[in-house]
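There is one chain below, alone, in structure tokens, taken in the form predicted on its own.
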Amino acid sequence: MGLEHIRNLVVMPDVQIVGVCDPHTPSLEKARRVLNRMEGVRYFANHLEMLGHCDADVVVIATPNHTHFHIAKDVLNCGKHILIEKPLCITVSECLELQQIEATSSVEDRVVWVGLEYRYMAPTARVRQEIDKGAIGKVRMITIREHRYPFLEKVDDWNRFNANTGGTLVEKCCHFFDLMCVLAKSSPVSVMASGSQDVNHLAETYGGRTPDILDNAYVIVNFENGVRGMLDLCMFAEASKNEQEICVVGDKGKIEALISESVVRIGKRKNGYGTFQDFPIELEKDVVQGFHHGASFVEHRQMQEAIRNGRKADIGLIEGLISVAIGQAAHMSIDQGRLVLISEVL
């Protein structure tokens, strides 16, 4: 994702990358190649050294999950704007501490943005627009299905263990829990989940340890306004047409986003059984395709607008906290075999 951010930023107007930091030398070299040895960019192996010797306005944190908290604390104390990749942190307690640091800081109009960019995927954005227009009436149910490939290989295999990721339902699924909150326009109150590690990584060992990350789960989220959301996650289902499907049902109809096909499908009850319309969704011409269907580019554009106009982040520390809290509650539900109140983890 660090390289993805670089690829987006180098083509944006009025933006200059002035520093790149990574303690992993091969990764730092990849960044050099993507930047094509661009002049004016300094390279560092230690983030404190970069913060002390690099005159930047914004810092993008795209490091392993378990390092977010400590790096973000240092950046917050330097007074810079921050975009921090999802998940905000690996535990609710870490998220709350970052909130406290920011709340007591004296930095005015600082933007702290959490990289939950699925909000900005073109099909997802169209779903939100249609819901706001009342296309399906009052939202009652939200279903998100992700049937995909296993976790990718990462530096030092850090993403094979819950202690580093926060658990699959925090690491991978915070995106979807954030989307549920946005689509429901409400706050979560309870979570019930079932999940396991049934197929992936069972034969792998790292320093004598076997990976402990879940590879499939169902998660039900209940919201204050009565909306119910469900996540259907399977990470050994890559033989699928659509990696992600988002379905929202209201009292007047149903809307679906078929992400890989980039199609939004709308059906209205008044038109009768089996009726629907498909709407192909295309990116705006100036949006870089990249990962996540151009969402990272749109996210940067939105953040820069917020910084320049002195407004708050669209997706800030509170939204980052809630998405982690739902994931943490889901893991607790699986471990303890019961419904978990969000208040128990917050």
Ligand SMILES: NC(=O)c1ccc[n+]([C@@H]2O[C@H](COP(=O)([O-])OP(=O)(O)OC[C@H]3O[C@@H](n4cnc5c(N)ncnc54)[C@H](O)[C@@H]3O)[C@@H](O)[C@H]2O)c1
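The first residue of the sequence shown is number 1, and the count goes up from there. Model, not experiment: these values are computed from the prediction.
The form predicted in complex with the named molecule exists for this protein as well; it is not shown, and the discussion that follows is about that form.
May I ask whether Asn8, Gly19 and Lys80 each come within 4.5 Å of the named molecule in the model of the complex, counting any non-hydrogen atom?
No, because Asn8, Gly19 and Lys80 lack any heavy atom that approaches the named molecule to within 4.5 Å in the model of the complex.
Answer option from Val107, Leu202, Val155, Met141, heavy atom within 4.5 Å of the named molecule in the model of the complex:
After the contact test, the surviving option is Val155.
Do Phe176 and the named molecule come within 4.5 Å of each other in the model of the complex, heavy atoms counted?
Contact check for Phe176: no, nothing within 4.5 Å of the named molecule in the model of the complex.
In the model of the complex, Gly167 touching the named molecule (heavy atom, 4.5 Å)
The answer is no: Gly167 has no heavy atom within 4.5 Å of the named molecule.
May I ask you to check whether Ile71 falls inside a 4.5 Å heavy atom distance of the named molecule in the model of the complex?
Flag for Ile71 set to yes.
Any of the heavy atoms of Val41 lying within 4.5 Å of the named molecule in the model of the complex?
Flag for Val41 set to no.
To test your reading of this chain, name the stretch in 250 to 258, 116 to 124, 203 to 211, 234 to 242 whose heavy atoms come within 4.5 Å of the named molecule in the model of the complex.
Comparing against the named molecule in the model of the complex, the contact stretch is 116 to 124.
What residues, if any, in 228 to 264 have a non-hydrogen atom within 4.5 angstroms of the named molecule in the model of the complex?
Heavy-atom contacts to the named molecule in the model of the complex: nothing from 228 to 264.
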